[in-house]
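Consider the single chain below, provided in structure tokens and representing the form predicted alone.
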């Protein structure tokens, strides 16, 4: 099994985690990335204990401590008054409760460190400029065709190529993602540009009718990452790098308490972006033959539980463990799917429900004991490095 030629389409967080996990178990996967050069866009993301278990096991514990931020407190505030309706303990309590810490980190930092770890282990493991086009199987071997006209042979193909996955389309046909009606704004503000007291607690969700606003610290507390989620039906462009204006976002958050608007006003004009959120229905099966899906290619989910990256990280570890434990490709892919599909599809559906909850404007949903979150749903108690596979 260790001699298998395992190809991964997509060098995002999920694809790189899978590559590193497979390397840890003695395999030599090759990651094919469509971009001409490696580089992850985006801003902050949360690494909850369920994902931290994986990254620690893959040799990144020091990276998370060095580049990540462990908030001591979190909370939920009222959109209009700024009242702290729910207070959440983070910090050492997460570590003591789950055996792994809760971090906030810049996506680009995590992506870079994962890629460095993969290529340090195998300098030829990542191959940019290879956009997946199609795959065919003949006598138990796969031939992968890329848009640059080249091909590659493999025994296994793992599709980690995102919400508009070409591997998924090759397996199950073209399925147009559904626009959810949600539009996200994101930005980064230097902490030094904000008045004292604006960022308290250090991690915070503010919620109101048809809107939510999440902000937290990254890069050692020097930057405030924020994401505003709104509802619209007149704009539905995708992409991480579509520019937005401060004035546009302020209009979306008209009437919100002043700290939110202060953060928006402080965003560098060239550093404010927006994108439309798309969704798919859960698949009953991710695998066909020797090809399977991980991450957003398998289960794209809305960001309201903060588990999108975490689910891809979980997938990466479990698929590595599945290949390590199995005696055949079929057994490995069966072990992987049985371990992951029920959980990931359930989190997809819970993320949809949480969106409705967060944008309901019902204050009674955000009182102690009532707030729905990844923690209250039990998602953080899952350890992908130890669950049965």
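Residue numbers count along the first chain shown, from 1. In this text the structure is predicted, and so the values were computed from the model without any measurement.
Form predicted together with a small molecule: not shown, discussed below.
In the model of the complex, no residue of the candidate spot (68, 217 and 352) has a heavy atom lying within 4.5 Å of the small molecule. Contact between residue 295 and the small molecule in the model of the complex is found at the 4.5 Å heavy atom cutoff. At least one heavy atom of residue 162 is located within 4.5 Å of the small molecule in the model of the complex. Using a 4.5 Å cutoff between non-hydrogen atoms, residue 34 counts as a contact of the small molecule in the model of the complex.
When contacts are judged by a 4.5 Å heavy atom cut-off, residue 157 does not count as touching the small molecule in the model of the complex. Residue-level contacts in the model of the complex: of 118, 318, 309, 305, one residue has a heavy atom within 4.5 Å of the small molecule, and it is 309.
Proximity to the small molecule in the model of the complex, taken as a non-hydrogen atom within 4.5 angstroms, holds for one residue of 211, 280, 90, 107, which is 107. Checking 242-250, 125-133, 79-87, 175-183 against the small molecule in the model of the complex, the stretch whose residues place heavy atoms within 4.5 Å of it is 125-133.
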